[in-house]
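Here's a solo chain for you in structure tokens, the form predicted on its own.
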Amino acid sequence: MKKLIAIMLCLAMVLSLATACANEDTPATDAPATEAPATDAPATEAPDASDEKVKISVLRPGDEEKVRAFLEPAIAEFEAANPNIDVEPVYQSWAGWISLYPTQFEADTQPDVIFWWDNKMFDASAHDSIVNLEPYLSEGFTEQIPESVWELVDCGMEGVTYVPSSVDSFALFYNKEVFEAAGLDPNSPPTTWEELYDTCKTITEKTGKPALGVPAITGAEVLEEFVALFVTQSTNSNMLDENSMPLFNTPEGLEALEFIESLVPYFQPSATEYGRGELRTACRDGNIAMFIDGPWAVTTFTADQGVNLDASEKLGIAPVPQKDPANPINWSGTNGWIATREETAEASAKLIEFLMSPEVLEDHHIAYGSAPLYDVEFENTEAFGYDYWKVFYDSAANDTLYGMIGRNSATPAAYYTALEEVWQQLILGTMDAETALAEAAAAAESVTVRNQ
């Protein structure tokens, strides 16, 4: 009996050595090594990681029709090149996503890849879920993105946690037919604050139409950006400092709010019912003369006028009017890609790299109306060979840019909410500029103190 047991032990040792040798000859994979959990079941050979399907989801917030036109063909091409990755698109409007994302991150039901705001990298809802993509990205990948863009979106987090996809500055959109009806030159839009005021006054007095649309709809985080355009031009600084304290409570900040106050009689009635989308159609249809928006508005007009808006007799696009034309300052919206789960980070990084390839990024910008990020995009003369695209591109390249508020805060949305209440009263004419300045500064300070 003892001899039999000894023979069985010897056989077990031989089999163990053979298995170890076989494992040493197994080729390494790119998948990270993990320790297998202990089990009483007999050991079996692990399946090849390359045969396993990885499932990830991706969200690009915005108008579903525009996003779908870009995203579905892109996903099909990506999956064909990466048959071991299944990608599920998720569709949600910007306003809808703003209201949903805190609860989704809390429940860990957020998409794996998200088109994100650079000012929400420290958002308490999402911060702990944002993955450092640097270990998963190809060597040299980040070098294709201009250094100035990296500087603009630098959020102080370690590694590559955010991949900027668009840098979209503001421009002035205007209806040439309304200009003509007011006796104004349709090819000479206002370039300074003084000219903007005079143009607004003339249009409303001569035509009875609102001269300048303002996006003041509640909860969409757009009114703050309209006001910030004028405030940052006047102060030549961000709205908040690195400690999230207000920088606009100055004589220059008051000057900006007083200028906005002077424009109130020429805004559209019931301004709090209008977002950017409503202003685009209102300007297209000649119900307002002008509004300020990013390149995202372009597709509304190319659908009506054709892609060559340079030749349009109805719509014009020009640089935003400046307080000091010798020192142009503009507001810039910046969005890019993040990954939100470490377990799917490798697949997410592959998708992000694909979405940032020049051909696919170009399709993205065309579909959703963003300005070119890469110089090579201008080689597509059918899409970008027009002067109006250079208005946005040149502004992003040459103007002093200030972006979204709250980038250093754990609750960036709180600043939009707090300031929106003040700015709405200003543009509705129920609060004067001096009171609005004091109220806005106190509101911003209150949000920051609550976070401490």
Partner chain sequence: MKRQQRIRIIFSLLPVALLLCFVYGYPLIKAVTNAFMGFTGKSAGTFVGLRNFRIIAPDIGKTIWTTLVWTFGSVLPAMVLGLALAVICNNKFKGKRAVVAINLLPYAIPLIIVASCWRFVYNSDFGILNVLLKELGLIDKSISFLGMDLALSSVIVARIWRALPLAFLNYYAGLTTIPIDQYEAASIDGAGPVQRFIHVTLPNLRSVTSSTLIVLTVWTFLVFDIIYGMTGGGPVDATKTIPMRIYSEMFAMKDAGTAGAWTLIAIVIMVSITLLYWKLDNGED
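Here the structure is a predicted model, which is why all the values come from computation and not from measurement. Positions refer to the first chain, counted from 1.
The next section is about a form of this same protein that is not shown, the form predicted together with its partner chain.
A.B. asks: If you check S270, N243, N308, N327 against its partner chain in the model of the complex, which one has a heavy atom within 4.5 Å?
C.D. replies: None of the other options qualify; the answer is S270.
A.B. asks: Please tell me which of V320, L196, I217, A256 lies within 4.5 Å of its partner chain in the model of the complex, judged by heavy atoms.
C.D. replies: Contact with its partner chain in the model of the complex is made by I217 alone.
A.B. asks: Is its partner chain in the model of the complex close enough to T411, Q424 and V447 that every residue in that trio has a heavy atom within 4.5 angstroms of it?
C.D. replies: All of them do, each having a heavy atom within 4.5 Å of the partner.
A.B. asks: Pick from 399-407, 384-392, 415-423, 57-65: which stretch has a heavy atom within 4.5 Å of its partner chain in the model of the complex?
C.D. replies: Result of the contact check: 415-423.
A.B. asks: State yes or no: in the model of the complex, is some non-hydrogen atom of S129 no more than 4.5 angstroms from a non-hydrogen atom of its partner chain?
C.D. replies: Judged by the heavy-atom cut-off of 4.5 Å, S129 is well away from its partner chain in the model of the complex.
A.B. asks: Should D123 be classed as touching its partner chain in the model of the complex when contacts are defined as heavy atoms within 4.5 Å?
C.D. replies: Yes, contact at 4.5 Å.
A.B. asks: Is A433 close to its partner chain in the model of the complex, meaning a heavy atom pair under 4.5 Å apart or at it?
C.D. replies: No, A433 sits far enough from its partner chain in the model of the complex that none of its heavy atoms falls within 4.5 Å.
A.B. asks: At the 4.5 Å heavy atom threshold, is F179 in contact with its partner chain in the model of the complex?
C.D. replies: No, F179 is distant from the partner.
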